[in-house]
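Have a look below at one chain only, the form predicted alone, in structure tokens format.
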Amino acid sequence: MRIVFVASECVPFAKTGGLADVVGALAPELAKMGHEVTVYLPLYACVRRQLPDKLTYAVRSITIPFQHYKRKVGIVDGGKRAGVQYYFVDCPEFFDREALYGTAAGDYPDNAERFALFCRAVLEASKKLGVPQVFHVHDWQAALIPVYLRTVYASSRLLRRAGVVLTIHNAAYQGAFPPATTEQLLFPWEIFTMDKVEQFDKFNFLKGGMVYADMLTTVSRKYAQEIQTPEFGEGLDGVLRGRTADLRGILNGVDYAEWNPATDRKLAANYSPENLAGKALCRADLLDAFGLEMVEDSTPVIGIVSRLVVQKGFDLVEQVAGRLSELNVAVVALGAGEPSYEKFFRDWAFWNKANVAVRIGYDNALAHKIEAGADMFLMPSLYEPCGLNQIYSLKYGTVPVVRATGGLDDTIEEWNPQQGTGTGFKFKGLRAEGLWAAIERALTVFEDKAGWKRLMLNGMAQDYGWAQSAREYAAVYEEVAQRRA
């Protein structure tokens, strides 16, 4: 089957979050299954730096019209990697910027035009380079593909039979713009209604994609259920309930070529379920990296790698931090985000220099060290569409302590000491006492070395590679193709 991915980011070219990892891993897995897969990305400044000085154009010039002006774009041939063809939409006025979506001052004011141009350029390029049976579009930045297909391009002989699958990686990010965007992007005003793209008097890219796509997916089974409720639907729960029959929850996989303690070159020592000795060396290396060399071998180490934002549940951590500091526990944290949370972590480390250390920012090598060297990994997210760090933690024998939401609930099974089953510790609700109770359960089991080893090995035996997820996506593509046929 011919499949075209349309996304605003993809490793190794451009990344701000998990979306890039998903696109970068799923596409090659589908190619490995025998599908013909193409990925379209914007030609950002960070992408251009990774390409040869002399660019090769698959399509030299495409004109994209707007209400009061036109833009010329080119389609750069990025060649094939792991069986996947890459193309980049070249429009320097829109994409030759250091950041993908905005600066510290806020989102770029022309984001509606930038990503509308991206979507139209992909459709025009596909007419020349190959129309797929299915466009697989990701998040709001690519969600206009189905809207354009079923309105502006509805009479296109080449495009009318192409199906569309929209993946919602996080329903909180929707791409909402003023009503005049309808006219600016040359859509008919008839679509600016409550049952199409209008949401709270805004032109909502994600809602439009939800309405016009053939099928919808999201990144875990639990999150597919949650976003159909007012608590998690971010105002779009009604639209999603109306499309329940077309919504699938497919858990993200992880790249075990990158995240495997047996082969990870970023670690001080490798280890496996058969030989765990290297984990103690990784723990010592982690504590050294954070300046906590005085932490005793019997002291459990809790790791955190995260964006420091409200979604990740750090209000709950702040409420239990004082009690945690009074225990024989070490905490290492890596992340950046909202100033209030960065300040909390800095202050926590300042007043507890012997057992709390924080690094503000992101460091991939240090993230690997935390996954390998910590004993427990903390993810108290208020919501988590999928989550990847808890899956990495399982493979590294680092026991997750998580809130039972989204992909965290799908991937972590509560430890049962009587049966020796389970992979971690979960709590429900939004109260700090729930988080504290889960941490206490984990600390109690940590004292039982035989039980803790069983718990670690249970996690390391889990397989969340991309093969199963890719098969589920392929089944969705087949269903869409059959509908369109």
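This is a predicted model, so every value here is computed, not measured. Numbers follow the displayed sequence, beginning with 1.
What follows is about the form predicted together with adenosine-5'-diphosphate (ADP), which we do not show.
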item	value
Contact residue in the model of the complex, from 110, 201, 363, 338 (heavy atom within 4.5 Å of adenosine-5'-diphosphate (ADP))	363
Interface residue in the model of the complex among 260, 311, 325, 275, criterion: non-hydrogen atom within 4.5 angstroms of adenosine-5'-diphosphate (ADP)	311
Distance check, residue 387 to adenosine-5'-diphosphate (ADP) in the model of the complex, heavy atom within 4.5 Å	yes
Heavy atom of residue 14 within 4.5 Å of adenosine-5'-diphosphate (ADP) in the model of the complex	no
Non-hydrogen atom contact residue 162 with adenosine-5'-diphosphate (ADP) in the model of the complex at 4.5 angstroms	no
Close approach of residue 282 to adenosine-5'-diphosphate (ADP) in the model of the complex, 4.5 Å, heavy atom	no
Contact stretch among 177 to 185, 378 to 386, 233 to 241, 261 to 269 - heavy atom within 4.5 Å of adenosine-5'-diphosphate (ADP) in the model of the complex	378 to 386
Members of 293 to 316 lying within 4.5 angstroms of adenosine-5'-diphosphate (ADP), judged by heavy atom, in the model of the complex	305, 306, 307, 311, 312
